[in-house]
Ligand code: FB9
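Just the one chain here, laid out as structure tokens, in the form predicted on its own.
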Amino acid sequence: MAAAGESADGGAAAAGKKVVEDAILGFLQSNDEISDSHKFAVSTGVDHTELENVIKSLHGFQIVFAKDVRRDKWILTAEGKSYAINGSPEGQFFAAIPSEGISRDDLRKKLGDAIFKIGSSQAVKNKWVSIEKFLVSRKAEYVQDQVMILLKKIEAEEILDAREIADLKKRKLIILQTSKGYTLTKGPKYTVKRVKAATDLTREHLQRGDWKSQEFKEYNLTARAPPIETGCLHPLLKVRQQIISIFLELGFVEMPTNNYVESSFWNFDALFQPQQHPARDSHDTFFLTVPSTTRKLPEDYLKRVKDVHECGGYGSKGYRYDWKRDEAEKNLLRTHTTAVSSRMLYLLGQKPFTPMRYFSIDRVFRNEAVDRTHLAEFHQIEGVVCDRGLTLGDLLGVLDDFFRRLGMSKLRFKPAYNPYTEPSMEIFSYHDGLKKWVEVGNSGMFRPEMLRPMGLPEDVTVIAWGLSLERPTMILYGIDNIRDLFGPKVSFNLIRSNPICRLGMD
């Protein structure tokens, strides 16, 4: 029964479409054009949406030529419609006052608060009435409700001057409605009765012999195939993969970065960062409640770290404070991937020394105020070169090579302070979108106070640098707000339509 009903509905729809089509073609037979499809729809008693579908079909087959027409029309709001029927508030206010006058309270009850409030204001402004302390009376014997008259003209689609429109619009009694319609003229293939073109040459056409007179639908050789739905790589993933390729080309080995949770020991203490350093405050670091501490620390190495913090060594006086194990055991979300580097360098120091190049790319967490260039969760890239006799010149050369391969040749370096590197440098790159120099990373040479307790030989030095993944991606893709790149507000259109980003030397 359902199938039969659907078939009946489909047949009725097709019949209705044929009636509309015949009406359009019949009208154009004796007229040059249909100037307004909306008026034509009203005159034929057809819904404009249904008419529009037929127009598009006829236009597609060049039977008629349809030209888009935008039509602006003032229409009444719900309040405006009420006033067109019952009169404006000032008109109702005036009409409700008897010749002998009426008290304010009685008139308010008669009209209601809304009409009384608006009507009294407008009626006084028009000098129609006099409102005393207790009595409201007429000042004119007869008035013309001009607002009601104008609203009726709007309903009748009469033209009003600009001042009248402005007054009604100011009172929010009318709004501008923009509708899309068409003007129709005969097309190059116009016919009074449309013959449906066949889509295929069938066996029946050949048997009947009517294929000679049959009109066949033309092939649309310019039609595009449906777009193939595919996955899209995020800009961060594209740049990340390119950076991994750069590191591998330069002979680096990737470090394991699967520990988001680190102890303060590996994140801070092993890096010769004092326990009273501001970075250890909860305003800068996310500390864990459960599990709040770790017990798995190498005891001999921990003692050497404790000694260098308290008393110094290797040419350093240390920090001269009472180092506390409790602080070192606190768990946190790692604030940098240098915590991973400290683990790898410690392991390197436990066996005969071999020069190494390490890198890592993974998430880190900092209790930052979120703005257009900062997030509380982001990706950090870190490169570490460990060899004998490395100098600051080696660091500058590696940084220049690395960032040029990223496509960032406009670099500046600024002296900086880090507890675990000396000398230290901040790295800046020019952002064409923001029109300013943006800090993209930090770098330096690891201090002896950090390296020697690990067991690395005295002639071994380590150069390192770190940067976020987000900022280079912003520079390379011309994105000026980091929240558009990473986080819950990212637009899928950005991911779907972002251009191919090629990294390479200038």
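Quick caveat, the model's predicted, so the values are computed rather than measured. Throughout, we count residues from 1 along the sequence that is shown. Here, rigid core means the biggest group of C-alpha atoms that superpose within 1.5 Å across both forms.
Keep in mind that the form predicted together with this ligand is not shown, yet the notes after this line are about it.
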Contact test in the predicted complex: Pro448 vs this ligand, heavy atoms, 4.5 Å:
no
Contact label in the predicted complex: Phe40 to this ligand, heavy atom within 4.5 Å:
no
Is there any non-hydrogen atom of Ser468 lying within 4.5 Å of this ligand in the predicted complex?
yes
4.5 angstroms heavy atom contact with this ligand in the predicted complex for Pro472
yes
With this ligand left out of view, choose which of Tyr358, Tyr190, Tyr420, Tyr346 has a non-hydrogen atom within 4.5 angstroms of it in the predicted complex.
Tyr420
Which residue, Leu28, Val460, Ile63, Leu476, is the contact with this ligand in the predicted complex, using a 4.5 Å heavy atom cutoff?
Leu476
Candidate stretches 326-334, 198-206, 367-375, 282-290, one within 4.5 Å of this ligand in the predicted complex by heavy atom:
367-375
Residues within stretch 430-456 having a non-hydrogen atom within 4.5 Å of this ligand in the predicted complex:
His431, Val438, Glu439, Val440, Gly441, Asn442, Ser443, Gly444, Phe446
Aligning on the rigid core, do we see the C-alpha of Ser429 shift 2 angstroms or more between the shown form and the other one?
yes
For Leu456, state whether the C-alpha moves by 2 Å or more between the shown form and the other one after rigid core superposition.
no
Is there a C-alpha shift of 2 Å or more at Val440 between the shown form and the other one once the rigid core is superposed?
yes
